[in-house]
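Here we start with a single chain on its own, the form predicted on its own, put down as structure tokens.
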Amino acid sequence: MAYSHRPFAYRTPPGVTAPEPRHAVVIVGAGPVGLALALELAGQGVPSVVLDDNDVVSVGSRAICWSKRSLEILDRLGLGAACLAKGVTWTVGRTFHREAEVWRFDLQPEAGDKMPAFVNLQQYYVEEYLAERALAEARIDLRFRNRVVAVGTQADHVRLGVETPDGPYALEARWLVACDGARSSVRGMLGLDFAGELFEDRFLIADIEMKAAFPAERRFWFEPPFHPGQSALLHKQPDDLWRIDLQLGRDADPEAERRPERVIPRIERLVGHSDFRLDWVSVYSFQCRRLARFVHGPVIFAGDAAHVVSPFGARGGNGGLQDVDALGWRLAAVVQGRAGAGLLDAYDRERQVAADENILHATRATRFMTPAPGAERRFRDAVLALAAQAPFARGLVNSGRLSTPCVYPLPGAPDDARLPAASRPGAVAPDAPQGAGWLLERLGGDMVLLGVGCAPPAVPGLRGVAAEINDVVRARYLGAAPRALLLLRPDQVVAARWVAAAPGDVAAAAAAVWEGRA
């Protein structure tokens, strides 16, 4: 592979030689979700132990499309600049039917955000950056080659059995967070299963290394001449790597299709030459499923351990980081005694809504790409035939509705309809330029009262921030209103907003957040 996998150092855990005290938080899985959660908790002052059965980052590029919201989260963890520097920024997507372009979009036509719409960066780089930062953080005990083999739950804690190269040991935690992926061993040991839909079509995913003049944009083909009757996807990555996805159909033999003698001719037909090197290949089918609940007493599920979707739309890795965004500050508040355990019910509720939204979009895209015989197939073919000539049909072409953050339903949250929809309760606060910096850099980590066009009043327990007014701030936060006050949660989500409010009204809305009602 182009990427050099360097093993992380294994250290004998203290539990092998003597019993360990009960830990506040144990995280299983050192992928992007588990590591980001550990860093988020550390930033809130909460220590954690992270267990992973491996000692290298992921093999193969896996998740590559990181959305603006994910980049904002990574930036809050101190990794935004590294991801931007290494990654490939893109905003344009082009969709073709056979040889004709039928749909083109630009995801970020306006300025006003620190982060771009999407950056392509192989998952192993994101994991590397997160792991290096976690290893340097005193509040994170990152243990490689520690495999969880038993999980026993009590009302107020979890007991784990862990195997290491130096022998087994037991570990207790007040809270266990399972971030151990789609084949979660924690989920299996608790006897929990997903509900949802399995898709039978198989896809080939390959990374190839080549020098190419293709622009940094998403290209998707339905029924292209180089892959008749199926679909194909092309994305640019760093290091002269290109991601290729090829639909193979339901009857494809996974073992046969991943052999170089089958893969290379398919790729040659797509790129038009043989001047490339095969870096990584996998054949997969996918599913759109989730757990019924993400919180099971002292065990919490996040990322692919809680929900899985098809890859079209980049909703897997991005959805996992948004789980971290919703969970980290809540779990920290519970651990520190600033809120009751009921606050975690709000994580469960909100991320179920987000998972259902992701599953809905991913399922619709999958059915459009792999339609069943009959009505689905006739609809798909009619849309593609019309799209080349009729503008109204182009928006119906679905090769994956790309990941955006969920707007959480916050019934009863104070709101003023005179203010713009972009900053409504339940939405992530939109970014905006602020002098030499950015608004989101001033938000997050704690509860904030943001004043726009006014100074925020002093409210106990809230940090006041006054926004500098410019055209972007005015469009996203004020509209025609002369001023606004916004209550922002530690995850930068708007909890309430007013054109004007008394300190007591703001304090009541903040209390609703900590009680899990907003």
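Bear in mind the structure is a predicted one, so any value in this text is a computation, not a measurement. For every residue, the number given is its place in the sequence shown, counted from 1.
Not pictured, yet referred to below: the form predicted together with a small molecule.
Residues Arg98, Ala387 and Gly400 all lining the small molecule in the predicted complex, heavy atom within 4.5 Å: No residue of the spot touches the small molecule in the predicted complex.
Pick from Ala429, Ala355, Cys288, Ala314: which has a non-hydrogen atom within 4.5 Å of the small molecule in the predicted complex? Checked against the cut-off, the match is Ala314.
Interface residue in the predicted complex among Leu41, Leu449, Ala484, Leu51, criterion: non-hydrogen atom within 4.5 angstroms of the small molecule: Result of the distance check: Leu51.
Quick one: which of 193-201, 120-128, 331-339, 435-443 gets within 4.5 Å of the small molecule in the predicted complex, going by heavy atoms? Going by heavy atoms within 4.5 Å, the stretch is 120-128.
With a 4.5 Å heavy atom cut-off, would you call Gly181 a contact of the small molecule in the predicted complex? Result yes; Gly181 sits at the interface with the small molecule in the predicted complex.
Test of understanding: in the predicted complex, would Gly303 fall inside 4.5 Å of the small molecule by heavy atoms? Contact with the small molecule, yes.
Wondering, does Arg133 line up within 4.5 Å of the small molecule in the predicted complex on heavy atoms? Arg133: no, not in contact with the small molecule in the predicted complex.
Is the gap between Tyr284 and the small molecule in the predicted complex 4.5 Å or less for some heavy atom pair? Taking the distances in the predicted complex, the answer for Tyr284 is yes, it comes within 4.5 Å of the small molecule.
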